[in-house]
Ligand SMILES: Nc1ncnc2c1ncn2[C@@H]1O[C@H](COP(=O)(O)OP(=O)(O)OP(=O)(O)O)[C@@H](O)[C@H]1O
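Form predicted alone, single chain, as structure tokens, below.
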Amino acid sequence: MEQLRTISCGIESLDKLLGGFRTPSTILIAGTAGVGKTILSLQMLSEAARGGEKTLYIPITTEKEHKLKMYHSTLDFFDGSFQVHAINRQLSEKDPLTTLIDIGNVIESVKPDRLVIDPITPLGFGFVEQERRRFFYTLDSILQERDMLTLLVGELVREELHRSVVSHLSDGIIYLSRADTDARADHHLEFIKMRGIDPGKRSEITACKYIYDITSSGFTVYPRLKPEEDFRLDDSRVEAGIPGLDGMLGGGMIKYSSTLVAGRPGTGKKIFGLQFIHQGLQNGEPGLIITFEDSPHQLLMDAKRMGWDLMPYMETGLLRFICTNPGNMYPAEHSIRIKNNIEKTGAIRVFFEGINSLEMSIPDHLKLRSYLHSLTSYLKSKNITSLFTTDTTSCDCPGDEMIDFAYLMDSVVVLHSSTVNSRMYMNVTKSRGTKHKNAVKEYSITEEGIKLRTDTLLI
């Protein structure tokens, strides 16, 4: 009995999601104009040719072959070694039967391991529906005679997929779309159907939309950030880096915990985070700082004013930065950058400055909640101690602040600047898994960082 083989998609990020394509099979790559269907199929074909496969590209086009080559040569990944057999689009619509014979003859001549027909939808255009279906059944019979992977590019909107005979004849359907959100366009990839892969994985991938990006280097799909599998939590304690705070937290931060530091601008949230990272670096713990407003140089200068020289740690790779403009950020790409940096450095502490800045790139509250939930879950599965900061509105009494996303965090520390006496107060309003002191303490920002008074002001 002939067995399905697994081969590379030709795109690393797709291979990570799917585990590769099953062959022989037919995959439909569908979507409207401008979403990257041709680039996706050409990259798959180029990588296959580079890997030694026999490859054939059949464009259904009105363009001259030399013009197609000029367009394709602008793509960094393009490998022009695959065979090209162009078919005039107007002739294919007028005389589809001759086109069908032409396709069969060139496939028999080349005997490809991987074939792309781009696009498939103009074929049989002049037929009535019953004849058109018969036409595609015949084409499918021709394709099935060869032991190959066939990629069919279809100019289809999502609503047309269930009516298209090509969809029913395909073993897999990859659908590409574009969604305009304010000043930015997001591209989404969906696996509508994918036969031949593990049923558990199939149900997982077909339930999601994946963000993708296209550059001259090729096509990149960003998978969703997920917690590590079979992880064990380490409930040991780590030093917060702020004298007196460890006592308020019942002996220090739990190693895998996430802490949200909330307060108005000017209450020292950034200094709090830098102090937390500096403490870890002094203990030999690699750190990662994620910011949206400041450059690494700015943060290094801010830390140096407090007497913390972080440059040597950056030079040795013990400290890394991720600085992003939130208006141009793809959340899925951002989370993968965080994951990759953590894996490269072995980061034990993460300081995420200003989660309220995420509202610029993720205005939908539920999507923002989903992003933060996936990130904190991943960090916890890696036993990473994380600290997030967010702005709050002013209030008269410490602890009465309205704090978004506090429910996602293990601990919440509120920094309060009094408008009455110009003093600053700190209290721990939440500390999951430990008996924290529900007390308000005065603190000050000194040349050496944040310092707490040792006496309790309010209980």
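Position 1 is the first residue in the sequence shown; the rest follow in order. This structure is a prediction, so every number in the text was calculated from the model and none was measured.
There is another form of this protein, the form predicted together with this ligand, and it is not shown here; the text below is about that form.
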query: This ligand contact at His416 in the predicted bound form, heavy atom, 4.5 Å; finding: no
query: Partner contact for Gly34 in the predicted bound form: this ligand, 4.5 angstroms, heavy atom; finding: yes
query: Interface membership of Ser203, this ligand in the predicted bound form, 4.5 Å heavy atom rule; finding: no
query: 4.5 Å heavy atom contact, Phe125 and this ligand in the predicted bound form; finding: no
query: Of Glu155, Asp235, Asp309, Glu131, the one that lies within 4.5 Å of this ligand in the predicted bound form (heavy atoms); finding: Glu155
query: Contact residue in the predicted bound form, from Thr316, Thr345, Ser216, Gln282 (heavy atom within 4.5 Å of this ligand); finding: Ser216
query: This ligand in the predicted bound form: contacting segment from 289 to 297, 70 to 78, 352 to 360, 376 to 384, heavy atom within 4.5 Å; finding: 70 to 78
